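There is one chain below, alone, in structure tokens, taken in the form predicted on its own.
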Amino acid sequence: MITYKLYEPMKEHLSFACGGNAKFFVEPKNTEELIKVIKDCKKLKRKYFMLGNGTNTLCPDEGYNGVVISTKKFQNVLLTKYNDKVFIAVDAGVSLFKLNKLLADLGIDGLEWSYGIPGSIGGSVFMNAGAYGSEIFDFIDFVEVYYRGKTKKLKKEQINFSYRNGGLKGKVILKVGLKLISRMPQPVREKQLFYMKKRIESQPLNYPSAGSVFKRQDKIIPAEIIDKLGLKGAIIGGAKVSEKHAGFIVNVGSATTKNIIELMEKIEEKVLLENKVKLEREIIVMK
């Protein structure tokens, strides 16, 4: 039996720790349940939103009048090894923290740059997450999706991915196949800790946020522009441009979704006026 929660507070599921309630909230335990939920939504003409770890998502303050489908219970990991090459099939809901811990224990190299990113593997593929010169599609073998009533396994070359865009809009990510390399556990752990140290030193991890708010564009680095325009520390309600990293907006205690959106708009308007650059958001607002 599939259990739905009514009027679930989305601030408990989103990294910004704000927003209204979802009219319906469900956590399917497997692919069959997920597909049934989606089919039921379509049959009842009820809109739905797929949610991973909620690290780049905002819910309107007035709530979401539909079904939020969380993949958090999708937690299977299957590993196959050929000599030093490792193929891993990972359910969409597995967090990057959990995956990195497993990889370190087994001495599997490749994703250390993602250690400290709080999202799920499904969300990271949807956004083509990246950091420190690497991105998730550097390591993709396949992505299994549910699309137009069918489950399909797409090879990397079949996916039109790009910078911070997994090219999978409209598709539900079920499973991700990765190609990695078998190394020794200690060097993998050391690299993970190196990247975590860099994050702690440069990012405001002590406040709720959604990571970088705006995408880089060619040689344009939004955080540098925002900093030069004197917008560090700019605040609307409880939403504030981090004084530690200008690319982050943080919730300093009482931010609403409206506060965050208004602050993003303020930044966008000033950057466009002063630098003639149209910023593109990484954050998704549930609609």
Ligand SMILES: Cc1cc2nc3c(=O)[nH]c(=O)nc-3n(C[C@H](O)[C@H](O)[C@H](O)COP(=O)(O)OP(=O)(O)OC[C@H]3O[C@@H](n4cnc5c(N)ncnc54)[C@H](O)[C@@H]3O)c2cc1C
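The first residue of the sequence shown is number 1, and the count goes up from there. Predicted model only: the values in this text are computed from it and were never measured.
What follows is about the form predicted together with the ligand, which we do not show.
Comment: 128-136 is the region of 128-136, 153-161, 187-195, 75-83 lying near the ligand in the model of the complex, near meaning a non-hydrogen atom within 4.5 Å. A heavy atom within 4.5 Å of the ligand in the model of the complex is found for exactly one of Pro118, Gly110, Gly107, Gly167: Pro118. A single residue from the set Thr55, Thr257, Asn251, Ser242 has any heavy atom within 4.5 angstroms of the ligand in the model of the complex; that residue is Thr55. Contact check for Glu280: no non-hydrogen atom falls within 4.5 Å of the ligand in the model of the complex. Although the partner is absent here, Gly177 is not a contact residue: none of its heavy atoms lies within 4.5 angstroms of the ligand in the model of the complex. In the model of the complex, the ligand sits beyond 4.5 Å of every heavy atom of Ile225.
Using a 4.5 angstroms threshold between heavy atoms, Ala246 stays clear of the ligand in the model of the complex.
Residues of 186-218 lying near the ligand in the model of the complex, listed in sequence order, are Arg199, Gln203, Leu205, Ser209, Ala210, Gly211, the criterion being any heavy atom within 4.5 Å.
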